[in-house]
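Given as structure tokens, the chain that follows is alone and in the form predicted on its own.
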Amino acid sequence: MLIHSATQLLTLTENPQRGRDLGQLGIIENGAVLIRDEKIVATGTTAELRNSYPGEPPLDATGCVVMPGFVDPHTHVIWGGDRAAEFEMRLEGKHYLDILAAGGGIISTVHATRSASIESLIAQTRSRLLRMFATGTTTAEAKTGYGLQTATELRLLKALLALDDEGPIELAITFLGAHAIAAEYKDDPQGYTDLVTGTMLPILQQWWQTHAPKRKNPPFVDVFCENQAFNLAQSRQVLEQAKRLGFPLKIHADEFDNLGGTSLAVELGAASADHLVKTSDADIAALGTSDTVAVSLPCTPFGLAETDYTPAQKIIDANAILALATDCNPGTAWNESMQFVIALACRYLKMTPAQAIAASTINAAHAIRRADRVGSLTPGKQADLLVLSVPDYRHLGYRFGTNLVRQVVKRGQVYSVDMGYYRTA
């Protein structure tokens, strides 16, 4: 298939875009991209590719932007129930950490998730994944973490593997048994930390080898490094054990307090450190000398009606790698759209549309270590791309609350979007 006549073809770069280099879109005007066998074969101008590859089945993108599919590198997309009542409590003035301490927050969702069947969890999660896909996300990270007991965490893994096999959206899976202190260990957080490191992670290693032996990517292991969750020493215990067992690492850090989790992530070579609202200048400097990606989640402070966001400009000035994600979750950021994330980033992180697009594609792909396959329109990569119903990339960020995606292409298969839904073209 030859997608041709794009007003702007955004190819982006192969490598992560560090610091002030962020925002290189690699624009080809009147651009075209050739797809064969689920892969990108060539990009160039429409005239060049039509001359070089005559007779290819065409897809006309006249008046449209064509770009890589969004990569969402931080989601909690699998859960049971909802927390609408908690949202009202926050509007009445209760702080998120106070709700968590009273048994709400993550713990509330844990109760609903533990009681849900795997069929129910798959059905609820599928609807969220399809909304992500319809708004342009072709690859998403997906965490467990609402089980906080071995059996339920493994059930969530099983459901995510089934959803990944089902498609069309592709999942990068993360194990987050260390999401919060389980209610059974409320007065013994170290005991729960020991359970995660001594029992859950070794079982995870054996379970994955049995249930996903042919998968190229092992799951990430993540930890919520925060007051009333896992302190810095406990976070180190979790991540060091995960690293010994061969798992790649991620960390939730600095959402409410600066405990040093970001520097820990850099020290241990984590793929990413996520949230980063209260991150210190020393931690930001450490990011700038590392390949650990700083993942900002602007939907979360927006969802909490907070005024503090990731200090994106400091991170950029430090020459770090900055990415964006939805943090899709039931308590603070039930949003499936990376387009809305870009709109928030332009307003609250002071990023340009070009910077936000790069942070949502190639840099986001690096945050889940899949930049060899997705994130840019590079020959040899998967044919994962979007046809937008607008002629200029700057409409992303400029507009919000609507869907600018006309067609999604995943592994060379075209899906046409209509009012938020999609059908195979």
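None of the values given here were measured: they were computed from a predicted structure. Sequential numbering from 1, following the sequence displayed.
Although not depicted, the form predicted together with a small molecule is the subject of the following passage.
With the small molecule left out of view, the stretch that reaches within 4.5 Å of it through heavy atoms in the predicted complex is, among 152-160, 117-125, 247-255, 338-346, 247-255. For the chain shown alone, K314 is not a contact residue for the small molecule in the predicted complex, no non-hydrogen atom being within 4.5 angstroms. For the chain shown alone, R236 is not a contact residue for the small molecule in the predicted complex, no non-hydrogen atom being within 4.5 angstroms. In the predicted complex, no heavy atom of G136 sits within 4.5 Å of the small molecule. Taking the partner from the other structure, the small molecule in the predicted complex has no heavy atom within 4.5 Å of any heavy atom of A142. Shown without its partner, this chain lists T292, T174, T300, T113 as candidates; in the predicted complex, only T300 has a non-hydrogen atom within 4.5 angstroms of the small molecule. The partner is absent here; in the predicted complex, the one residue of W207, W334, Y309, Y96 having a heavy atom within 4.5 Å of the small molecule is Y96. Annotated contacts: R83, I106 and F224 all touch the small molecule in the predicted complex [non-hydrogen atom within 4.5 angstroms].
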